[in-house]
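There is one chain below, alone, in structure tokens, taken in the form predicted alone.
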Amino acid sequence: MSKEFDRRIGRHAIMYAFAEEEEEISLTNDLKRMNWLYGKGKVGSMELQKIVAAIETSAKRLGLVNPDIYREMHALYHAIIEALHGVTRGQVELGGLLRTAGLRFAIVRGRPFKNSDEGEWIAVAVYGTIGAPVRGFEHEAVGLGINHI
């Protein structure tokens, strides 16, 4: 009998973003068995466009999206912005408000519904610190964005 996998794409993205190296093996094995694509990285900046660019570049380099297909890039962009809404508490701004962020991010692409006609979805999870650009003057934050491709 085959194992039924947890198909909550957002949960997988968040857990993957949180995961330390030793925890990743179990998480990525499940993603592989479901034929989902995934990747992660780190970024820090006072400039929001640098954070968006780092996540987009990582997704392209890891083959999670096809940069020549508009709907894939569009879905990724909206998932990133939605995730950053969570980190910035709805004010998607950093440097202009004298804030900086140091984030780990995870991107997961797959088919979260049993009915394959629902198509592919992409989730972006970001976790890290945000605050004043002074060490010790920041706090943890997390955000999640999910979009259909």
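Just count from 1 along the sequence shown to find any residue number. What you are looking at is a predicted structure, and each value in this text was computed from that prediction instead of being measured.
Although not depicted, the form predicted in complex with a further copy of the same chain is the subject of the following passage.
Taking the partner from the other structure, a further copy of the same chain in the model of the complex has a heavy atom within 4.5 Å of a heavy atom of Glu138. Among heavy atoms of Leu48, some come within 4.5 Å of a further copy of the same chain in the model of the complex. The shortest heavy atom separation between Gly95 and a further copy of the same chain in the model of the complex is within 4.5 Å. Ser26 falls outside the set of residues with a heavy atom inside 4.5 Å of a further copy of the same chain in the model of the complex.
Annotation for 56-91: interface residues with a further copy of the same chain in the model of the complex are Glu56, Pro67, Asp68, Ile69, Tyr70, Arg71, Met73, His74, Ala75, Tyr77, His78, Ile81, Glu82, His85, Gly86, Arg89, Gly90, Gln91 [heavy atom within 4.5 Å].
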